[in-house]
Every structure is written in C-alpha cells, then in structure tokens.
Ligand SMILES: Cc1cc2nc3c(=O)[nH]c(=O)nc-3n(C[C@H](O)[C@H](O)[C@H](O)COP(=O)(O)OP(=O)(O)OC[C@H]3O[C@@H](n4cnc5c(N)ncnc54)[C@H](O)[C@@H]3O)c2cc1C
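As structure tokens, one chain now follows by itself in the form predicted alone.
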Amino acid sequence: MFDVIVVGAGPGGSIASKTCAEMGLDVLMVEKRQEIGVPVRCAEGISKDALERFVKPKRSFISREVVGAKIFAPDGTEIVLSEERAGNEVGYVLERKIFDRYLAKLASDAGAEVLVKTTAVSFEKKDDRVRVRLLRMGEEWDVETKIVIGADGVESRVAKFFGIDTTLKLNEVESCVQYLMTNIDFDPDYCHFWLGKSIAPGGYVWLFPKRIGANVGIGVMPSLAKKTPKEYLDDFVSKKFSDGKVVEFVAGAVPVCGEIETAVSDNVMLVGDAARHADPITGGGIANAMKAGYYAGIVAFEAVKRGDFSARFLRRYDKLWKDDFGRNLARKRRLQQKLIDMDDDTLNRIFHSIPRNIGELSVRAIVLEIFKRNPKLLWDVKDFIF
C-alpha cells in the first residue's frame, strides 16, 4: 500500500515524488525504461529562474549557459532577445540524461521508492483506492495506492484509463526530430530559432548549444506539413550546416493544444506532457512539468491528510497550475493559431519593422514597435500580448 504512485520519472514525475516524500507520504515512482533520462526527446533548454526555483544548478547537468536567443525570419533577418526576455526555454541547456537522474535521486533521497524497467500495465478502482498492476522483467504484481500521478508523457496510459480527455487533433501536436550535431559553425552564447512556413510549417527549427556541438531540431504541424519532419530538417541542415556531423538522432511528439479543461479525475492527477502542459509557441515543457509536479505533490498531501481523493477535491491542483501557467498556455495557443496563418512575407515584414536601436528587446517592446510602424499589422492579436 502506498499513498501515491507516480508513473513516469521525467522532471514532472520526480518533482512530484520528491514533494510527496518530503511531506511524509509513502511514494512509489515507476519508470518503464531501463534508464531514467533516455531517450532524450527534448531540446534541453530551460530558463535560469525556472530551474533554480527547484534545484541548485550543478555543472554535471548544465551543458551550456547562454545569454539570450537569436530569432531569424524566413529571409534571414535577425532579432536578439536577452536571456531574461526569451522565455522558459532559454538560460541553461541541460544534459537531460544526467539531469533527470539527478531529480530522481533527489526523490529517492527524500524517501520515495524508485523502480526502473517497471511498467504500470493496468489500473483497477477499488472503493476509494486504485489497484495498479506492475510488470518488471516478466514478473507481475499488484500494489494499491490512494492517488496516481500520471507523468507518463504524451501517450499517457494513465489519462486514457481514468477517462481524462487529452485527445489531440492534428493541429494540436508538433512532430519533432532532433540531431545532436558536431562540426557546425554557430554562436555558442545564444539559442537560435528559425521561423517560416517554408522552413518548418506550424513550428520552427531550433539550435541549442551543448558543451560539445549542438542540438539541432525541428517541430512541424502534421496538418500543415507536405513532408516529414526529418525531410524538412535535412533540407535545412544541408543548406545551413552542410559540413555538420550527426552524432545522435531522436524523434517524438509534443502537445501544443494549450490549456486543457481538467487534469484530474477521482484518485488521479496528470502532470507535464500527460496533462498537455507544453508551451504552444515554443513546445518547451520542462519548466511547466516541474511546477505541475510540485503542485500535484502539495495537493496529494492535502488529499491524504483529509482522506478525500475525489476529483472534486483534487481540482485544487487544477486551480494551482492554471493560476500559475495554465491561462498563459491558453493565450499562447490563440496567438499560435494567428502565427500559423501568417505567410513568410508577413513574417519578414514584421522582422523588418523592428529597429535595431531600441535597447534590450522584449516581446512586449517588439510588439509595440510593430504596432508603431504597422498599425494594421497584427491588430487582431493585440489582446494576446497586452
């Protein structure tokens, strides 16, 4: 018998496990893969504030520190954002393999039991508790818990079993491909982003510097794409980094649907990609997953203390994550839909409208300059910015 079983040992799952264990709950965290942190399906960027809210940075899992972001229009026009202005994904570039294991160790040190190569294969409601069937190296056994925290990614089995609607349409998901590349020329002090329908329809190409080489990846929206993500990325790489060497290759999907109605049901809460917490504009999800994991841990403790595991009580968790970042997800989803409608010529005009002498650029400063020079341009997205 456990108070909480956490399914998935990514950043959201580990922070949830750590938070619960620190409050004295009996916690089991299970990870189906044989190693925590692999495969890396992420550009590995996070802002300094978002990381330092939960852990002290360590050289072992910080691959590179950057000072800002360079963003390129389809015609190559560049704007530069400082690290403080560039969002939740710019500041540190992580070594996710090491970082995820570090967070799992923090959870273990706090008292959580951690099992790898362990899959939660089924769930059965039993009065006010849940019986979970676990599978590890051919052996099956049952455990019981008061609360399940689903941190099991975009394909969440927990969400499906408990009937939480996390269905994704083709225009609510990004298909992503990423290479770890060496022998390429770039400014290592900045993250880089390339926009444009011709480059990455519905998404963008990114470059995140690493200690050696860089993560070069792409996200495209299947509903808009005429080729596979890999074909788009290969086209970009052949033009921009023709002498580059591909060291690693990963692929995956990122939810970009914005705020969902609820991430809870009786006895269950979802965090991270399972709860569609990724940013609809950037696709980044580490920061929001960690925040959600913390809030889920707080509410799990309150539920156990009160003996109430109903969806009605657990909606306290919905309020916490929505008040923190949920409404921002909804706003960014609406803005994303407007950006998707823009052709490359419009994006180029927007970039050309931004002067190079307005000091430290922020998103707000950029939009003000755009309105100043193009009063009609983007007028219908003003409500998403101000």
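Residue numbers run from 1 along the displayed sequence. What you see is a predicted model; the values in this text were computed from it and never measured.
The next section is about a form of this same protein that is not shown, the form predicted together with the ligand.
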{"query": "Joint contact, K105, V148 and G297 to the ligand in the model of the complex, by non-hydrogen atom at 4.5 Å", "finding": "no"}
{"query": "Contact segment among 140-148, 68-76, 285-293, 300-308, judged by heavy atoms lying within 4.5 Å of the ligand in the model of the complex", "finding": "285-293"}
{"query": "Touches the ligand in the model of the complex: A9 (any heavy atom, 4.5 Å)", "finding": "yes"}
{"query": "4.5 angstroms heavy atom contact with the ligand in the model of the complex for R333", "finding": "no"}
{"query": "Partner proximity in the model of the complex: G272 to the ligand, non-hydrogen atom cutoff 4.5 Å", "finding": "yes"}
{"query": "4.5 Å heavy atom contact, P280 and the ligand in the model of the complex", "finding": "no"}
{"query": "Listed residue (R349, R41, K48, R64) with a non-hydrogen atom within 4.5 angstroms of the ligand in the model of the complex", "finding": "R41"}
{"query": "In the model of the complex, the residue from R327, R33, K338, K58 that sits within 4.5 Å of the ligand by heavy atoms", "finding": "R33"}
{"query": "Stretch 205-244: residues contacting the ligand in the model of the complex, 4.5 Å heavy atom cut-off", "finding": "W206, F208"}
